[in-house]
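This document starts with one chain, in the form predicted on its own, laid out as structure tokens.
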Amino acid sequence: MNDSASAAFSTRPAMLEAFRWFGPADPVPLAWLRQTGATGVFSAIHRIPYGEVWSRADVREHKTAIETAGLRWVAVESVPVHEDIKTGRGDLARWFENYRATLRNLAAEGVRLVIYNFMPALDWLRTDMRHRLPDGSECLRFDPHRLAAFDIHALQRKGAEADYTPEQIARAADWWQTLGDTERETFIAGIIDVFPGCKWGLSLGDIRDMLARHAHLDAAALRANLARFLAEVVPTAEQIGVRLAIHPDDPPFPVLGLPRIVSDAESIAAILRMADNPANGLCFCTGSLGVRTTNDLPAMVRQFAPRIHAVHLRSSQRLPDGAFYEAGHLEGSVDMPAVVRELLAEQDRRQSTGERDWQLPFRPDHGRVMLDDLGKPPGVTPGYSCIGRMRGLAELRGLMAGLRAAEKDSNAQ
């Protein structure tokens, strides 16, 4: 291999490192994020109600705060989709126009990557926000029998038993009986009031009302409503140079009677076909997609590579009973080296063809609560303590450096 080719391989960059920031009230401030070595931020203006327009002044203020800290707002996470759009009912014309207006204001301030999800009613869901690991650190965990306990005994959703196995129902009843009143209240609050970046103070009655508004929805209807949303906003996004990136469902299967439609290669391919346009893309989340045993993540990166606009990297450890917990970023059930290798290959392709914004932005998603973060008072969004995510970023940075070094050595032979 000649010297110029070797030099090219040695200078191929890693992916763009970023952290999530929840805004001025985030207990993990921007100054700390910069100390991790990250250069980018995934962030949103959480104080604005879902569906309302983000004014250009609001966008400029948020962006200025990030840039003043020496960082760059590389991705909006996220511009929430109003629930009326997901249900297909209500003043849809207003919500579509508001979404387009927000995209225009973001683009006018130079922010051109927007992540969103289409999970009805609830966002991501776990049943244990502080699962203690053998080393003393804590992580997020999902147990199907605990979800059954919430669904059947706390929420008391009509027909809920049909969604669980007899074993899960029995375990749910036994476990529910072990909890005192305070433990039940803490458990319920952990499930129903974990919307990223905001606290709504929801009650069980609020959740019942939300589910009632979605009772008419099945997977086909939800897909049709997503197709309508894309038809309404993708042309504007294309015109102004914004890329939309849908986030997979978390967890990637139906919960509480709600359909989930962004869970595997088949469903993602169908969504990308709904608007076959580069502006309609994917946020590739290894944590969400890795929970399904049938998802081949490296193959999915290869399949959707040109339409992957943002990346969340984390790993879950799947368990035989359907439970999973969030493992270390290089541990668990996700073959992280294989996934990152494919992502770097796609980034190299984009760089070689001179594509705009060719460097893939990623962030370490979630993280363990560890070290002195364990003793800090509540306030951090579960999964988003500083030290655990910094550990994840360091591990992923080292993985990319190792993959680049191995690539260089292989091509030098």
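For clarity, every value in this text was computed on a predicted model and none was experimentally measured. Start at 1 and count along the sequence shown; that's the residue number.
Not on display, but discussed next: the form predicted together with D-mannose (DNO).
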Can you check 229 to 237, 183 to 191, 112 to 120, 153 to 161 and let me know which stretch has heavy atoms within 4.5 Å of D-mannose (DNO) in the predicted complex?
-> 112 to 120
Is residue 312 close enough to D-mannose (DNO) in the predicted complex to count, meaning some heavy atom within 4.5 Å?
-> yes
Contact label in the predicted complex: residue 73 to D-mannose (DNO), heavy atom within 4.5 Å = no
4.5 angstroms heavy atom contact with D-mannose (DNO) in the predicted complex for residue 78 = yes
is_contact(residue 146, D-mannose (DNO)) in the predicted complex, heavy atom dist at most 4.5 Å = no
Of 243, 307, 247, 141, which one comes within 4.5 Å of D-mannose (DNO) in the predicted complex, counting heavy atoms only?
-> 247
Can we say 131, 325 and 329 each have a non-hydrogen atom within 4.5 Å of D-mannose (DNO) in the predicted complex?
-> no
Which residues, if any, of 344 to 373 lie within 4.5 Å of D-mannose (DNO) in the predicted complex when only heavy atoms count?
-> 363, 365, 366
